[in-house]
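Let us start with two forms of the same protein chain, each given on its own as C-alpha cells and named structure 1 and structure 2.
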Structure 1
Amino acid sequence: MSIAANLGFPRIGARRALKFLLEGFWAGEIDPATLQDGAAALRAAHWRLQAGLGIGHVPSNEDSLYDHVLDMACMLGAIPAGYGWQGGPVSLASYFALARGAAGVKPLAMTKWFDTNYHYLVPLLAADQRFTLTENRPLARFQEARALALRTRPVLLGPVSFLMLSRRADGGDPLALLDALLPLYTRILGELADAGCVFVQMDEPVLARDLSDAARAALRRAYDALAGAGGPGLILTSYFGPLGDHLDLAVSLPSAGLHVDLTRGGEAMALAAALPAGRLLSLGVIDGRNVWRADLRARLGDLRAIAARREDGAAGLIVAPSCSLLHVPLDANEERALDPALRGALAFAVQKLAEISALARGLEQGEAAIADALAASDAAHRARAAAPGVHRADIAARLAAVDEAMTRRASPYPARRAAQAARLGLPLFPTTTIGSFPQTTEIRRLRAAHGRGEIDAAAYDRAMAGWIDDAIAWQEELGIDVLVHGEFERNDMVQYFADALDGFAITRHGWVQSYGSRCVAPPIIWGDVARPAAMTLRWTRHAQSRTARPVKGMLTGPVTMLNWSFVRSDIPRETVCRQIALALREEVRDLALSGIAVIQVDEPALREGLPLRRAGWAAYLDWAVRCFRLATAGVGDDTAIHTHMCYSEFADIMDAIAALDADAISIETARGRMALLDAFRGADAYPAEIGPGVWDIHSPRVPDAAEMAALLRRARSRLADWQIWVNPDCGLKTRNWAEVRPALAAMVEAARTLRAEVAAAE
C-alpha cells in the first residue's frame, strides 16, 4: 500500500495562535498552564487536521515552543551552566533563557536553518559534554496523540545532524561526542517501540550538504548502532536538496525507509533502482519550500514511473512533501483578498497535504479515483499560464534587449572615485548611516492607519514630510556627511518594494515562522515583474531639497527581493531576478537624474542564497552579481553606488563581492571587532570603499566615541584610509532615539578624532 505522509506541520497555528500565547506568557499575562494547554490544543488540532486530510503518517514531536533544535538540546541535557538548570526536566524559565536570554545570561547563538529563513538556536556543547535524557519528548507526544486515538510518526533530529548543527565551546569537533550521544537515542527509540510506535522519522538534513569523510563515517556508525538496537523502523530523512554523491551512502545505511527531496534535481530513478525491495521509499514530490499548487498529473506520472521500477511496485512507496511544511503558510483559502486566479494557483500547507493524499490514492487506485483532483489541477495550471500579468510581452522584450554593456559601469572604479570625489567633496572617513531611523509607535500607527485608508493622503504626507525634515535637520546638526531620509514610509525593506512593483502579491495570513514567536509573510512573486511608477523618488527628493549635503537614495537589491519572497516556479529564478533588476535599474536611473549623488542598493540576502552544495555556488553568484550590476550600472561615473550587507563572512565569496563593482560597501563588523575585515585586507582583495560598522545595533548598548575610534584604528590597520567610511552595523529602525542620538554623535566624534590623528601624522 502506498502511504501519504507529512514531515512536519507549521507550528505557529492559524492566525499565529502560538505567537500570541508565547508573547502573552513572556509579558506575564498568561500563566504556564495556559501556555502549555494552549500549545497542546494546537498540536491536537494539527494532528486531527492532517489525519482528516488523509495523511497516514502524521508527524509528531516537530511542534515547539521556540525551536526544535533547542528542544533536542534540552531533551539531551545539553544545557550550558548559567541557565538555571539543575538536572531533570527543563523548566520554562531555563528554556526561554536559552532561547531569549535572561538577567545575566545571553541567549544561545541563532543561525539560519540550512537555506531557509527559519533560524535555529545553536546548541553549545562542552568538550567533555555529558548527555542525559531529561524527558522522552517524542514518547510523550506519541502517547498524547494515542490518547486522542491518533497514531503519529515521531520526528527526531538525527544524532549526526544534531551534532553538526551544534558548536563546541572549545572549538573542537562536535562529532567527537557521537558515542556519548548514541545511547540516549537508543533509549528514546526503545521506549517508543515499547509504546507501540512503528516508525520514527529520523531527520538528517546534513545529507543535503557536502560532507567530510568523518561526517560520512559518523552517519555509518550512528545508524549501524541505532538499527542494531531493535527499535521502531527508522525513516532516514534527507531534505533541502538531492542526495547527490551521498546517494550510495544513504541507501547503504540500515533503515526501514529513506526519504528524499525530489523537488530539487532528479535522482528518483537512481534511487528506485538502488534501494533494495522491502525498504520504504519516501518520495518528496510536493515542494515544501514554495507556495504553488503542484502539477498533479505530472507528479502522478513521476510516481508511477518510480513504482514501475520497484520490485514491490507502489507498495512500499510513501508520498510526501519534500521537507517539513514549517516553511510555508498554513492555508491558502484564508487569502480571500487575493485575486481568485492567483489564489487558485496557491497551495499552502493544508492544500499541499490534500495534494499528497490525492497522489497516494491515485497511485494506489488509479487515475480515475482522483479524476476530480487532476482536473482541478489541470484547470488551475491552464488558468495561471493564461492569466494577465504572468507572461508579459513588454517585459520579455525588455529582458531580451539586455546586453553585457548594461551590466558595466562607464569607467572602472578608480576613474569613478575621482569623479565622485570631485562632485561630493567629502572629508576623509566620511560618516553616514545605513538607511532607517527608529520606527516609533507613532510612525507605525500612522502608516497602518494610512494602509487601512483611515487617514487621508494629505495628512499622511504632512506627517511623513515632518519626520523627514526633522531627521535631515538633526543629521546636519550632528555633522553627518552623507544623510538619509530615514525610511519612515517603509514597514519592511522587501514588502515596501513588493507593494510598488507589478508581479508581486502580499498575503494577509501567509505567516511563516522566522524564529521563536517571530513570523514573516514573504511576498509572492506570481507574475512578470515591472515598475509601474517611481517608488522612492518622491521622499528622497523631498529629503534632498532640505539640505545642501548629499542624501543617499535607498533601495532593496534584486537578489534580496528574490531571496526574501516566495518565487514563481514556472520560470528560472535567475529570470525573475533579472526582471527585478531591470525594474530597479529604472529607479536607480530616476534617482540619479534627479540629482541624487549616492544610491545605496542593499543586498543583505545575497549570501544566504548560496546553494547548500559548493558545486552550485559559482552559477548562483554569477547571475546574482550580474543582476546587481544590471540594477546599478546605468548611472554616470560621478554617482556613487553603495551596497550594504548585514554580515561579514565574506572570505569565501570575496571575488563575487568585488565583482558587484559597487563604489562602497557597508558591512557588520562591530561585534567581531573588525577581525572580519581580514577578507578585505589590501586593495587587491577589495579595490573600493568600505564602511565597517562601528556600532553593534543589535544591542541596546551605546558605545562611546573612544570605543568607536579604537575600532576605526583597527580598520586602518587593514584598509587604506581613503577606503574607510564610518557607519553603524545596520539600519536603526529597531533602536530608539534615546540610543541613536548619542551613538551617532559619538560616531561623528570618532571620525573627527581619526581625521585629526591623520592630520597630525602628516
Structure 2
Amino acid sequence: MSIAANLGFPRIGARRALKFLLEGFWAGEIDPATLQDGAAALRAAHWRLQAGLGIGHVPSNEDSLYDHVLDMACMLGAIPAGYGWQGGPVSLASYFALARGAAGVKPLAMTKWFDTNYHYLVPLLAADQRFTLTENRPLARFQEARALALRTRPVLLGPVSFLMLSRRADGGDPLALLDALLPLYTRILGELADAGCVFVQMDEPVLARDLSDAARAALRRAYDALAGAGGPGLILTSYFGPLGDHLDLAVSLPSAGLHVDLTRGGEAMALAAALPAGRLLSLGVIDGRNVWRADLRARLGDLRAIAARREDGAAGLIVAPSCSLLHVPLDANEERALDPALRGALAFAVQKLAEISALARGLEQGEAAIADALAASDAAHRARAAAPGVHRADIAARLAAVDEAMTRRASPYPARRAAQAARLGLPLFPTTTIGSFPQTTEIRRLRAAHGRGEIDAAAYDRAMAGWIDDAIAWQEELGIDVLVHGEFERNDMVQYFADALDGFAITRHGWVQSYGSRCVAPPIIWGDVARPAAMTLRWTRHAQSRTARPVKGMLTGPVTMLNWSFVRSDIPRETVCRQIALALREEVRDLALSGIAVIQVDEPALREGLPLRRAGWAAYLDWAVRCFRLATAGVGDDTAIHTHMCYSEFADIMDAIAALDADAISIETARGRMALLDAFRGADAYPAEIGPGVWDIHSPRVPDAAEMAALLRRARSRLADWQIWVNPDCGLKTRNWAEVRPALAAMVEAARTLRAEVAAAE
C-alpha cells in the first residue's frame, strides 16, 4: 500500500512556544530541566498531531533547541577547543556557546541553509578531526516516541552533506574526513536497528547542487559502507531541486528508497522507470516551501501516472512534502483575521499533512474515497483565480512601460562619488549603522496596543517621535557620521513594507524559524503589487529635521521582499519582483525629493535566491539586478544609494554585485575576520564603497575598540581607504541597549583610531 510520510515538522511549536522557552532559559528565568521538559512536551505533541492526521512515517530527531546541523556536530564530537566540552554528552552551556558565543569565545559561523531563509551553524573541523559519538540522539528520540506508543522514522543529516556543509580550520577539504566519520554513522544505525527501527530518513540535500567528481565518489563510498553494515532501511532523501544529472547516481546508491522533490522541477517518470522494483519511491508532491493549497486533483493524477509506470504500482510509493515543513508556518486555521477567500487558499504544515494523507488514501482507494477533499480543493482554486486584485490591468500597463533607461543611473559611479562627497562632507572611514535599533518590550507593547486600537494615533505618534528624537540625539553625541532613525515603528524589515503595499497579506501566527529563537512571519504575496501611499517618508523626514547630519532613508529591496515572502505561484517570480521594484522606485524618488541624501535599499536575500545549480544563475541574477536598479536608479547623482547584504559568499557573484551599481554596500565580516573582503579586494574587483561589519550582532558579546580597530586594519589590507565605511554587521533590533551603546561607542573610537593612524603616516 502507499504510505503518507512527513520529512520534518515546524520545531518552534504553536505560538512560538520553543522561542519563549529558549529566551526564558537564556534570561535565567527557567532552569535546564524546565527547558528540556518543555522541548520534550513539544516533540510529543507534534508526533501525536502528525500521527492523528494519518501520517504513517512520522519523523523524529528533526527537532532542535537551536539548529539541526549544530546538533549533528555536537553528537559527532566535532567541537572546537575553547567551548567547555571535555568529552561525553555536550552540556547546554557548551551547546549555546557554540550557537551564540560566550565569554572568551565567538559563536560558530552562520550561513543560509541552501536557498532558504533558514540559517545553520557551520561546523568547524580540524585537519585531524577525531569524531566521537557523544550520544545517539536519533536513538533517544526513537525510544522517546516509542514510550508514547508511537513509531517514528528517525532523520539524520547524511555524512556527505554534513561534511560538505562544514569547513576545515586549515582550509582543507572536509570530505577527506569521510572515512573517519563513517564508523559513527554505522554505530548510530546499528543501535537503531537493534531498537527495532525499520527505516531511517538519510538527508543528502547536496544532491540538489552541482557536485564534483570527488563528492560523487564520496557518496558512493559512504552508502556502500552503510549498506554493507546492515541496519535500518535508508530512505535517501534529496530536496530543494531536481536530481538532474545526479539521477543515475542517486538510483545506483544502495538504499531502501529514494525521496525526490517534485515541486521544483522533477523527473518522476524517469525515476519510476529507473528505480528497481522493491525499492520505495518517495514523491515530494506537496510544496514544503510555500503556503498555497495544492491542486489535489492534479497531484492525484500525477501520482497515478507514476504508479502506472512502476512494477510495484502504488504499493512502492510514499506520498510526502517536497522537504521538511520547517519552512512553513504551523496552522492556517489560526489566521482568522485573513480574508476567508485567501485563508481558504492556504495550506500551512497542518493542512499540508492533511493533503498528503488524502493523496495517499486516494492513490490507494480511488477518487471516491477523497471526494470531499477534491471538491474543496477545486473550489478553493476557482475562488482564488477570480478574486479581485489578483490581476490588475493598471499594474500590467506600468510594467509594460518600463524601459532600459529606467534601470540606469544618470552618471557613472566616479561622477556620483564626487557629487556625493561634496554634498555630504564625510570624514575618512565614515561611521553608520545598518538601520534598526533595539526593539524593546516597551516598543513592541506600544505597537501592539496601537494595532489593537487600545491607544490612539496621537499617543502612538508622540511615543515614536520621542524615541526617534532620543536616537538622533545620542547618535550625534556619540559621533556617528550618517544617522538612522532607528525603525522603532517597524516590526520586521519585510512585513512593515508588505503591510503598506497592495497585493500582500500579513499573518498573525505565520511564524517560521530563521535561526535559534529568531522567528519571522513572511508576508504572503497573493495579488498584483502596488504602492497606494508613501511608506517611510514621514518618520525619515522627522528624523532629518532633528539634525544637520545626514539621516539614511531605509528600505527593503525588491529581491529580498520577494525571497522573504511566500510568493504567489500563478505568475513568474520575476514578474512579481518587477512589480515590487516599481512600488519601491516611487518611495526612493519621494525620499530623494524630500532632501534625504543617503538611501539604503537592503538586499540581504539576493544570493539566497540563486538556483542551486550554476546553470540557472545567469538568468536569475540578470532579472534580480535589473529589479534592484529599477527600484534605485531614478535619483540624482548626489543621492547616495547604499545596500546591505548578509550571510553571502560573494566571490562567485561579484559581477552581479558590481552590476547593482550601488554607491556603497555593507556586509557581514566580523565572524570571518574580514576574510569575505578577499572577494572585494581592490577597486578593480569592486569599484565603489564598502562597509565591512566590525561587530557581530548575532552574538550578545560586545567587542572593544581595539578589536574593531584590528578588524579595520585587516580591511585596509584589502581595500582602499576611501572605500571603507565603519558599521556593525547587521541591524541592531535583536540586541539590547546595554550592548548597543558601548559597542557603537567602541566602533566610533575605532574609526577615529584609524583616522589618526592614517594622518600620522602622511
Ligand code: GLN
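Here, a residue number simply tells you its place in the sequence of structure 1, counted from 1. Small disclaimer: the values here were computed from a predicted structure and weren't measured. Between two forms, the rigid core is the largest collection of C-alphas that superpose within 1.5 Å.
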(message) Of these two forms of the chain, identify the one that is the form predicted on its own.
(response) 2
(message) When the rigid core is used for the superposition, does residue 552 move between structure 1 and structure 2 (threshold: C-alpha shift of 2 Å or more)?
(response) yes
(request) Align both forms on the core first, then report whether residue 450 has a C-alpha shift of 2 Å or more between structure 1 and structure 2. (result) yes
(message) Quick check: residue 59 between structure 1 and structure 2 - does its CA shift reach 2 Å or more after fitting the rigid core?
(response) no
(request) Can you read me the CA shift for residue 490 between structure 1 and structure 2, rigid core superposed, in Å? (result) 3.3
(message) Once the core is aligned, what is the C-alpha displacement of residue 756 between structure 1 and structure 2? Give it in Å to one decimal.
(response) 11.7
